[in-house]
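What follows is one chain in structure tokens, specifically the form predicted on its own.
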């Protein structure tokens, strides 16, 4: 009967074992099937079994503790500027096992963005790879040691002088048997920085309980199971993002599945990897499914695959339908956010992949829809989505600010409604949030950068639909008196301070910005100009 339901003995062990941290999931999986291949680098072909991975994680954790890093309720912070790689997986689980706080960083960030985050969280160590070493050295503040993960140090002598140690080499030489610290479930495990609505990055504080509870809730879903020990999972979503980190990597490790690591998404290359490695479980973002649907070999490449899931942004109904027409497979969609570890709802809960629905609340999580006047909305009526459950964070770094209320409820700011089956449907974005390929962009952060450019008086930023990325960043810019800046020049200067996905892809120079009666910029009129292509005599376009 277990086989029919897709439930293995290992799946039961995930739910029944005494698991405090996500690193404990790795320990359980390594004990259950030590020779099972845990990780495969899709490019280099390097592999690690569960036994090898668990051993390397412990050795790396011991190195960190021997170095003097301090585990605590809020332990020392270890930042990771790494792509999807075996080194990322090893160091992430090692940081958690050592009772420290992992701070994964986006390698696409600029020096300024990284320096601000590293300073804000007071990172003691920054781990880098060959691809990120120069960026890391430029961004690391005083007191933050930069450590190279790979065995072979960069050839540049200037870097060799700065990077006197390689993490892998230290692990190989290490003979320490330092005992791992006792970790409590409410200790801080993960610190993820997202763009704040005021332009200042905000650190989401996630405890071990937050992360573990989300994994156990997803592992309990069995009709169909998202991941089982027999699966091979594609990890091409970035691991510095909570979706790729917890919902893809950690869930797969907890299930004892094989994980194929691919650092960058390319539609044709990723389909070749899926076919070659017999990938059975694929987690993606809407833009990925759109790009795959344009490749003629998608049906043949997806033959080994039994489970498709999507998250990070709403999945357009036309993409859902087109993909089913091409492959015969439906995409299960979910909804979540960094602050909720991340999954809140999924169509896997009811086993019904339906276009336009993001499903029901996962086990242990509650949702409610609140109307503007403070009462719960009627079924079918839209309102703000509120969530409560063990995956909800405690607040923002460093003092747990703006977390759940006294009853444990957290307002997402997103607008949705519940149908008669209690399935959630999304209606609108979180306030003015722009989601580019699943990554959050707050307009104010971009506006601050644009307004800091000499010759720019003020700027207004908003999102617009984009068939490739879901949304794209657009900007209206008012020049200072006498300025002759062009949109192209502003774009180049913005790229010096903003990650690529945050940079406006459409910049318009305008004489003035429309304002409300209170003097605030009227974003509604801006959206009308962009979305409907209406040209206002007060807001002329020169691009």
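Numbering follows the first chain given and starts at 1. Note that the structure is a prediction, hence the values are computed from the model and not measured.
There is another form of the same protein, the form predicted in complex with a small molecule; it is not shown, and what comes next is about it.
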Worksheet, complete the sentence: Heavy atom within 4.5 Å of the small molecule in the predicted bound form, from candidates 241, 388, 168, 77, belongs to 241
Worksheet item: Though the small molecule is not shown, can you say which of 280, 338, 327, 132 has a heavy atom within 4.5 Å of it in the predicted bound form?
Response: 338
Worksheet entry | Per-stretch contact check against the small molecule in the predicted bound form, the hit in 462-470, 307-315, 292-300, 215-223 (non-hydrogen atom, 4.5 angstroms) | 307-315
Worksheet item: Does the 4.5 Å heavy atom contact test between residue 231 and the small molecule in the predicted bound form come out positive?
Response: no
Worksheet entry | Any non-hydrogen atom of residue 256 within 4.5 angstroms of the small molecule in the predicted bound form | no
Worksheet item: Is residue 107 close to the small molecule in the predicted bound form, meaning a heavy atom pair under 4.5 Å apart or at it?
Response: no
Worksheet entry | Heavy atom of residue 438 within 4.5 Å of the small molecule in the predicted bound form | yes
